[in-house]
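First, one chain by itself: the form predicted on its own, in structure tokens.
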Amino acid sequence: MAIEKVFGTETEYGIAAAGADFNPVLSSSVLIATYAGSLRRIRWDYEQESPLRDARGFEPLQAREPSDEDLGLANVVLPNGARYYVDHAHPEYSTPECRSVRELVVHDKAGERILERSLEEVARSLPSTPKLSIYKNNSDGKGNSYGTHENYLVDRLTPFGDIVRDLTPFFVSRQVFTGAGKLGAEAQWDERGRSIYQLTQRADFFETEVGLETTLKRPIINTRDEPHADPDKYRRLHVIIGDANMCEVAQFLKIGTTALVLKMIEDALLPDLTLRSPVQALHTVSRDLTCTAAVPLADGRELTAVQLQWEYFEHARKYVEREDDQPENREVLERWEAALSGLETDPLSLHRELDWVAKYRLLEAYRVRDGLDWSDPKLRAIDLQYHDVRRDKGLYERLADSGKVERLTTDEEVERAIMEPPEDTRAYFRGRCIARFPDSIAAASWDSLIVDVGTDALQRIPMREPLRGTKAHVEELLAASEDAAALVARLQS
């Protein structure tokens, strides 16, 4: 029986400012440090991280890369259990672990609001700083891409080869509803800047089927084997082939459908849908706005991305009915079916649900109104402005405010998630400890806290079970502990 899925997202945000001396690394650090303000800078614990360990069974010998702390970059663990830090040249927000798809959407949106507030705080407290802009997108339009990653808890007993076989066709075809849309072409083999519109921002940057890299020769299936949990029981499937979604329905579909497919893989319930050329198929699907282009399978058949998704959907429908009949799973199926039906009959009818459609209709309206050619730089600017996190500037935000895209969250839910962790994963324990005992938390990571209890030795609190440390498990324990030393003493007893 498949294990319960726990998931989260990591989003690298695009950062920009006017002026030739703009330094994205320094600006990202200033942004995060200013937002953190009086929050104590709790060190991120890199000791147990192993980003080079490969799911295929090896770990390359390589010197440890400098950490954010080594480089003096901002790195903050937030009271909601999330991590907010500088990753390369971008501010990155990693949501706390969630077990509800809807709650993940809420916490992902909370990340957008945190980035918006960071901009406001920099403008208020450092008025001489060049005006910064933040975009929740995946490309600078000049051949550089930055990631939006998903993470899923997976059963260690599931052969990794099964994951590769069954998940690759799903990732290639799910672009039809997860894509954020992009004006232009940036693949190395293509004419850079060519004025086409495609479903996804990331497809142009993927060159191989399976691999460990995340910034070069990007693979459809990433093999990083860094579970952030009990390694004997779990994998963390690190998914790098996804766009940064503004539309909440698209985000809900991306996480919810993938979680269901992973459960079916663990229970060995999927047919073999292996593609003949997955990377080529990935590019073909992204550049087909009609969603009717067929891609060849290894068995000789040819199916469109929508037809492939129908295959996964039908198996998921039976799986939910027989094995996992939960209300949220039923909602995932309902929205998945509605999206596929719309894509099959009229893709452009899904402008309230899907980013690539909402943005395309927006661009087309401006193009027709102003008589613009698709190569006009004004349209490129509109493409980028769709992703601006500022609610008074972002074009997606204007669509949301006017009810032209469907929301699944409320402003109140998102506001609460800025400070409050999920109550049903270990993120609750992490967030509550950081909120209650900030001066005693020496370091934190996803699977442990290091606590200073006033003695010579620091104490590590392991958190290797993602579904332990919930409100139900630890609320009374935390309430009974007047300080961190008392908490550790109670845990040890």
Partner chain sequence: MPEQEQKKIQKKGGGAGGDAGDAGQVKGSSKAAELKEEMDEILDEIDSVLEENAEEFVKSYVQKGGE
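Small disclaimer: the values here were computed from a predicted structure and weren't measured. Numbering follows the first chain given and starts at 1.
Below: the form predicted in complex with the partner chain, not depicted.
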| Just one of 413 to 421, 107 to 115, 77 to 85, 130 to 138 has heavy atoms within 4.5 Å of the partner chain in the predicted bound form; which? | 130 to 138
| Does any heavy atom of Asp346 come within 4.5 Å of a heavy atom of the partner chain in the predicted bound form? | yes
| Within a 4.5 Å heavy atom cut-off, is Thr290 in contact with the partner chain in the predicted bound form? | yes
| field | Any non-hydrogen atom of Tyr360 within 4.5 angstroms of the partner chain in the predicted bound form | value | yes
| Interface membership of Arg174, the partner chain in the predicted bound form, 4.5 Å heavy atom rule | no
| Option touching the partner chain, based on a heavy atom within 4.5 Å in the predicted bound form, out of Arg236, Arg102, His149, Arg335 | His149
| the partner chain isn't shown here, but in the predicted bound form which of Arg301, His315, Lys378, Arg407 has a heavy atom within 4.5 Å of it? | Lys378
| query | In sequence order, which positions of 394 to 417 have a non-hydrogen atom within 4.5 Å of the partner chain in the predicted bound form? | reply | Leu395, Arg398, Leu399, Lys404
